[in-house]
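For reference, the chain that follows is the form predicted on its own, supplied as structure tokens.
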């Protein structure tokens, strides 16, 4: 069983180890008009606004794989099951979670490899493979959860072809525990790649790097990752070919059966020869580099605020340049330029909130303040402020699931 979470003074910790106990805990809170902070292993407690609650509903004891059918590409696990345990079980059958959940624990000063399946689904976390495989919500087949009404709901199914309840699965995925406490999750799994290769284009910057990523992604070579690291970020990589490049690095990943990977990598080398010097990473170094990109570890320095910004890929270089000029931001681009990680100086009182929102206003997009101190998180919107119509719709959905607002109140912003 995982170690209990530290509990602040005057806070009651509830650690149910059965689904019925979760129902009872929520029902008790509902009867007492008490609010609950829902956590798994607490690895993403710093994501979103702080929850002011006297009771913590710790789901870490609600763990274990309850169903795994490799032939059907389906796995069900309780919400508190660690991703590392799930990935180990899948690896024994040469399978994997295709949405490549990143490890954000170290972003918040926590341990690596401690995040849970429930946390990844509640936050809809996806890694660099999202450009090809989709987000976490695209791989959730079924859910069991307890709403703020104290009711157990079941949605979706346990087979890949079952579409019953898909919309409700997608609604709960990414809701950050504000609609229901997830208790069990069924996900689609896929065969793990036999081979992985990463082609590195050295020295391309700005428009040239974007053009290299666009060229690769629009080719028939099935690129599963496309990211750009400026020289300062590349120099921090644990992969010597990257850190020793002495220049910016544009990384392009291909994976699959060995003959196919080798052929596609060779074709990409020919296609991208005009963009700069090329290097190639094999399996282990590729895994290390893409884990660094997904976890933003190349930008983690001290307690500096960190933004995760989604924009149209063609706008990525311009938005990054604006933030670098106005805020002194360091930038890493993923998803072919559609995802920007921006680290800004800690001295900025609002973590650059006004400048970030202004920079994405024209091209469109959204920005999440993934990491900042408590004072900043309390003073600025952490998530992209929704349009008025969307905000009203969100409130009506919340009314349906949690009318008394007892589950993670304020986690995603001010409550109506």
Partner chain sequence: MKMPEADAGVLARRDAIVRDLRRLVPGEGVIAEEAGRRVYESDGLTAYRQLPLVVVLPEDTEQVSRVLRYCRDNAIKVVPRGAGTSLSGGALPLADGVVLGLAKLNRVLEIDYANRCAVVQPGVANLAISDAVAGAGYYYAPDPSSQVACTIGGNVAENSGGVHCLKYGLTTNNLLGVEMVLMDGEVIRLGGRHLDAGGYDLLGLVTGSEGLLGVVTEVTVRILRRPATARALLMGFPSSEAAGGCVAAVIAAGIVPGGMEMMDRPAIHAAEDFVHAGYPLDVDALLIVELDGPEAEVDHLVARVGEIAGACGAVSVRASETEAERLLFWAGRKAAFPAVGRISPDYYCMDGTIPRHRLPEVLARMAEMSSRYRLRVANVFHAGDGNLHPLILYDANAPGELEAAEAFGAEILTLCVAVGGVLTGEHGVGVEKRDLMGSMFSDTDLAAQQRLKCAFDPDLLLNPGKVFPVLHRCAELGRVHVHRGETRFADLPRF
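Residue numbers count along the first chain shown, from 1. Because the structure is predicted, anything quoted here is derived from the model rather than measured.
Another form exists, predicted in complex with the partner chain; not displayed. Remarks below refer to it.
**Report entry** Region of this chain that lies against the partner chain in the predicted bound form, out of 135 to 143, 104 to 112, 289 to 297, 244 to 252 [heavy atom, 4.5 Å]
**Finding:** That would be 135 to 143.
Report task. May I ask you to choose, among 50, 27, 61, 66, the residue with a heavy atom within 4.5 Å of the partner chain in the predicted bound form? Result -> Looking at 50, 27, 61, 66 one by one, just 27 meets the 4.5 Å heavy-atom criterion.
Query - Candidate from 312, 328, 206, 203 lying within 4.5 Å of the partner chain in the predicted bound form - any heavy atom - result: Selected residue: 312.
Report task. Mark residue 70 yes when one of its heavy atoms lies within 4.5 Å of a heavy atom of the partner chain in the predicted bound form, and no otherwise. Result -> Residue-level check for residue 70: yes, a contact with the partner chain.
Query raised in the report: Just to confirm, residue 279 within 4.5 Å of the partner chain in the predicted bound form by heavy atoms?
Result: The answer is no: residue 279 has no heavy atom within 4.5 Å of the partner chain.
Query raised in the report: residue 78 near the partner chain in the predicted bound form, any heavy atom under 4.5 Å?
Result: Because no heavy atom of residue 78 falls inside 4.5 Å of the partner chain in the predicted bound form, the answer is no.
Query raised in the report: Taking the shortest heavy atom distance, is residue 306 within 4.5 Å of the partner chain in the predicted bound form?
Result: Contact with the partner chain, no.
**Report entry** Whether 224, 270 and 354 all lie within 4.5 angstroms of the partner chain in the predicted bound form by heavy atom
**Finding:** So, no: the whole triplet misses the partner chain.
**Report entry** Residues of 126 to 153 having any heavy atom within 4.5 Å of the partner chain in the predicted bound form, listed in sequence order
**Finding:** Contacting residues: 126, 130, 131, 135, 137, 138, 149, 151, 152, 153.
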